[in-house]
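This text opens with one protein chain seen in two forms, each one given by itself as structure tokens under the names structure 1 and structure 2.
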Structure 1
Amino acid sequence: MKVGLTERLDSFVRKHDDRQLAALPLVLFVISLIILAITFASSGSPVKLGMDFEGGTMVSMASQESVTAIQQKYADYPITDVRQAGSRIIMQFGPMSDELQQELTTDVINSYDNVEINQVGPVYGASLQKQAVKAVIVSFIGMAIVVFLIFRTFVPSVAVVLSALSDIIIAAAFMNIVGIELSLGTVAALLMLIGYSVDSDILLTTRVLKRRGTPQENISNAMHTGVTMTTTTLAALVAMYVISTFSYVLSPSFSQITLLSNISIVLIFGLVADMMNTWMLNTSILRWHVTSVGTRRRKA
């Protein structure tokens, strides 16, 4: 089945010209940009900010009580969300005073087992937010510089950087659609995506530029390796996602590990987007570049 995917992708790439090939990724890229713009217009930031950046308190504990019962029990606190995951309840609170915070902490610790609490002050959250934006920008620019240093040709480098950018934008838009908030975990995932994304792009570009043979042969070759790479990574991430998110189905005593769950789902989506961007967007730009350089050389 997996081999089937590579073959199908290969024949798809062979059958379509560069413009057709780039169309779908570019359309998705633009749609994603629009989604981010709409979110930005409505909330003031392109992705919904989670507790890590907005400030607030997350409490998770073992409890068989119903969501409504919990909601009533903690109605005196600025409770914003209650969810149930297996045998655990996860509550979210907005920012509150120190005294209230202390009261809540003491109450939860004394009345429940297996408690996990995370609290972020709004001021600290705001400063983290600035740092996170800086981290993503610095990472991206750093990556772009390295890519340019490696290939030293303009068009192929731009193709790699564009495809990585598109991966991040699509992953971020996906977060907005399914309602994943930006947390420290998802920022790390977006940065990691930069690393993963360029792996297959570098493989493709190196093979096409530096190997003898027709561009199309080299692309097919690179695709066999590249798709294997991405699927193995996806396999590891899907395992991490399932274990960290749904392990309570296997054993009710297990609980969700939010950090791992968030990192893996964003990476999974980014990598699926990366398959498309590498083998359609990047491939088409590269193929066009190689053939047009080839014709120009022949003319001269």
Structure 2
Amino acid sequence: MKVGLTERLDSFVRKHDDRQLAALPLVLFVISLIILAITFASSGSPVKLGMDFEGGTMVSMASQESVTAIQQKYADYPITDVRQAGSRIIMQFGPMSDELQQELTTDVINSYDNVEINQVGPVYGASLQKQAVKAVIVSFIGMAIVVFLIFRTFVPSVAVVLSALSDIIIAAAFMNIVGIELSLGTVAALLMLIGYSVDSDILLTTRVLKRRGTPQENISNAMHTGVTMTTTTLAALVAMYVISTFSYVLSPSFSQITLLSNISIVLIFGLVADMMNTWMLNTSILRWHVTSVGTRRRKA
């Protein structure tokens, strides 16, 4: 009786031809590109930049006041976000003048207990932005070079690179949809996503190209290992997301760990996209390539 995720996915792949398998990943890839393009046209960046890259001030303090009351109290400042995390209130402000900054700092320190203030200047943020973009581009190019060196075959190598690119594009579009800003943490998540994506894609490509047996048998064998790897990582990430996001529900003394929460949710969605891209998009391209090569050899 086929009840497991791997068995259901394997059955799905067997029942559909290559065009049908590739259709959904490609449609989501195009939709994600459109979302990023709209965001770029409206804000000048494909994803919304966080304080790390735009500059600004983050204030965390112990308070029992409501979020609405805090928003009204600091409405004269360039406040961009207010949220409650357990017994603490976290406020985020955009760039402001030195005088306004000093006024805000004095007011918060005099009004609340356990105040933590982090400030990033706009010039430093712009520098970090350039470094982050370089890190993502260099990592992706490095990954593509390694993939081409390993397989030395154009179509399978392009399939691996396309799958990894789609993972990152879909994850970035997801960030725009749910309002997650690009921070140093989420950049790290996108970089980690490249590694996770390449793992499963190389596993699949190696099994299909370098092992004996029919393409479908090799795909099924790779799927059992790859899905187990990905679901194990997903389980760990879900646990990290729940603990870092909702631990304050158990005790008001715990506060939300925003950085870990954002990293884990971006990776969770990216790995779900990776499962789709690996076992539908990459699989369809590989199956078509192996079948085409076999047909040409028989004709020759």
Partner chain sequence: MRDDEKQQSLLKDVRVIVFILAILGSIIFIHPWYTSDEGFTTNLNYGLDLEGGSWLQLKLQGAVAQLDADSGLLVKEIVNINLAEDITIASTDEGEDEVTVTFTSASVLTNNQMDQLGVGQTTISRSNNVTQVVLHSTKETLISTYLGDTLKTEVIPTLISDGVEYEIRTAITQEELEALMEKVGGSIVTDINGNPVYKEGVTTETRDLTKEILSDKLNSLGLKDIPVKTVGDDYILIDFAGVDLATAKNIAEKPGKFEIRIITQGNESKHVLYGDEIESVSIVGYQEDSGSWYVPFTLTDEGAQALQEIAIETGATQDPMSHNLVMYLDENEVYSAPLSYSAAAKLEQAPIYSWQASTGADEDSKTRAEELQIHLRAGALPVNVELMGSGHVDAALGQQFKTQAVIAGMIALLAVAFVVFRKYNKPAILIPMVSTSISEVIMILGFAAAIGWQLDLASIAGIIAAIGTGIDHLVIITDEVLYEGKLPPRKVYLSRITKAFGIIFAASATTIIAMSPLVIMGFGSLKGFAITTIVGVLIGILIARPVYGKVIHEVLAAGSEAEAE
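Computed from a predicted structure; not experimentally measured. Residues are numbered by position in structure 1's sequence, first residue being 1. Between two forms, the rigid core is defined as the largest C-alpha subset superposing within 1.5 Å.
Note: the form predicted alone is the second of the two, structure 2. Core-superposed comparison between the two structures: the Cα of residue 140 travels less than 2 Å. In this overlay on the rigid core, residue 206 has a C-alpha that sits less than 2 Å away from its partner position between the two structures. After superposing the rigid core, the C-alpha of residue 109 moves by 2 Å or more between the two structures. Core-superposed comparison between the two structures: residue 79 shows a Cα shift of 2.5 Å. In this core superposition, residue 99 moves its Cα by 4.9 Å between the two structures.
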